[in-house]
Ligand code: ISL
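Just one chain is shown here, as structure tokens, and it is the form predicted on its own.
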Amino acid sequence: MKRNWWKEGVVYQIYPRSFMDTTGDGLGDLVGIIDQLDYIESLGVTMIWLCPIYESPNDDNGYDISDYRKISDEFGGNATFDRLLKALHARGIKLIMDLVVNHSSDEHYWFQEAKKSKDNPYHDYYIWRGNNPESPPNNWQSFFNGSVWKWNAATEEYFLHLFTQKQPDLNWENPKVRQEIYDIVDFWLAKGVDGLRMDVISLISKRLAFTDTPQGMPFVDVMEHVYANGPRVHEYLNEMHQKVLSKYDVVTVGEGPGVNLEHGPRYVSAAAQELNMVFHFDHLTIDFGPEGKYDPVPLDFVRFKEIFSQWDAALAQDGWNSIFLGNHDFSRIVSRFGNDGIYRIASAKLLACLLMTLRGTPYIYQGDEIGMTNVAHDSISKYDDVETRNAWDAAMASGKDMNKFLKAVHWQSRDNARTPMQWDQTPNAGFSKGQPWIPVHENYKSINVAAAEDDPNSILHFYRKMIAFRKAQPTLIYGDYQDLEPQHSQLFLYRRWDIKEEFLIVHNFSNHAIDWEKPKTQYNLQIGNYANPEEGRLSPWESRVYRLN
């Protein structure tokens, strides 16, 4: 397998508005990131990925961009961004920017022009259909509830928006649109940006017949078979690679809603020259019920393990995997996949060990390294996220049990991951001297960076150890993978090996001890999340990494 810097690195994802506020306006900013570079560097990460910081009306927290070349003044503007990039590079840390080009903001100049008339030069930058204000072109539903079509009175037609009404989808069929996007990519890469995370990139090619989705089709299937993996998506990505990406030594990771094992390998095939990695969501939609994320079902652990094995096998020969358990769009990983109560510390460490011992590039989301947890507000008024609030309104309108729905919000809202970073015990967790844009989690006095720094057995110190351990073991990066107990309902036990080394990794994903004997072969314990591991028995949420002598 070809070696690359981005395969050997570890990514730390920053949600800038929730990371560190230095101005007192309640919003995190780029100076806040610069001020915390010692901390970021101390983790041992080699790349940071910044969620969008461009000019935006913030209908969807920056994923609605109104100027692709301007860093929003609320984050510090372009000059501060240049300072951040230089400061990162001085420390040997690379910067991945978010590229959001399935849609723009409706306040972008292109759309402001496009909506004026059908013969405006920008009209064909977007997707228009239909001519009856009473009858949308089809029954498609937005990711954020409601129709994907919005009527534009000036041209007497609808425009398409797979997300909010303020996020009109760009028309990639138009070569001028594609060239505009490639020029934007070139602008940032020429500046020295080291990579791009491409938002919902699997959705850029549309099925132009726009036929209705079958009645009752689960939304996960609609994503996969109707919205994603359109007929020209691979052509577009290959063209972007040829025209601009191939000129730079950068990393590309595509967010792939609807990308499955059948399509996934094509996106990241080294031979096809499209992207380096994708974020698939098979393991992150695992607890979605028939009505989607706010209809949660119990997590199937055997299926969870199978997903990692299937994707590893699919990409083993020609491609590369992204290893992640959460991000700004999902619940906190210790609340979702661990135990955020009595075993919060052990289970958060287990998840760190899992991330650092699978084949692929690991991604850590800010706050997970100190074991931040889901938030459970008592009222929907305390939630900011447009997806959560729209889902709430839709549930109210359909007569759902709203007490039960609030519990689903506690479990699944994107705001779980967006509460401000918990730095210390001072007011607002040291995030801001002003009123934070979103409430700080009430547990910040016990869960914060300062407390973790002072505790040699903290989750934070374990993350540092695991990151250093992974970076020192090429076998854990490139080696083969095999699940040794695929049907076990509580143990995740796997081998990682190459011609030089072999590791055996075991995780107890349960709240009770399990009898387990290591194989008689000469395996030596290298690292684990319990100080005094018992012979013949795994403690609750225990992880161990053994090396074969």
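Residue indices: 1-based, along the sequence shown. Keep in mind it's a predicted model, so treat the numbers as computed, not measured.
Just so you know, the form predicted together with this ligand exists too; it's not on screen, but the next bit is about it.
The contact with this ligand in the model of the complex, taken as any heavy atom within 4.5 Å, belongs to His328 out of Arg344, His328, Arg359, Arg266. Contact annotation: of the candidates Phe281, Tyr158, Tyr126, Trp188, the single residue with a non-hydrogen atom within 4.5 angstroms of this ligand in the model of the complex is Phe281. Interface membership of His103, defined by any non-hydrogen atom within 4.5 Å of this ligand in the model of the complex, is confirmed. Among residues of the shown chain, Lys349 is not one whose heavy atoms approach this ligand to within 4.5 Å in the model of the complex. Asp199 belongs to the set of residues with a heavy atom inside 4.5 Å of this ligand in the model of the complex. Contact between Arg414 and this ligand in the model of the complex is found at the 4.5 Å heavy atom cutoff. The stretch in contact with this ligand in the model of the complex, judged by heavy atoms within 4.5 Å, is 255 to 263, chosen from 238 to 246, 374 to 382, 255 to 263, 131 to 139. Looking at this ligand in the model of the complex, residues Trp5, Tyr182 and Met277 place no heavy atom within 4.5 Å of it. If you take 167 to 187 and check each residue for a heavy atom within 4.5 Å of this ligand in the model of the complex, you get just Gln167.
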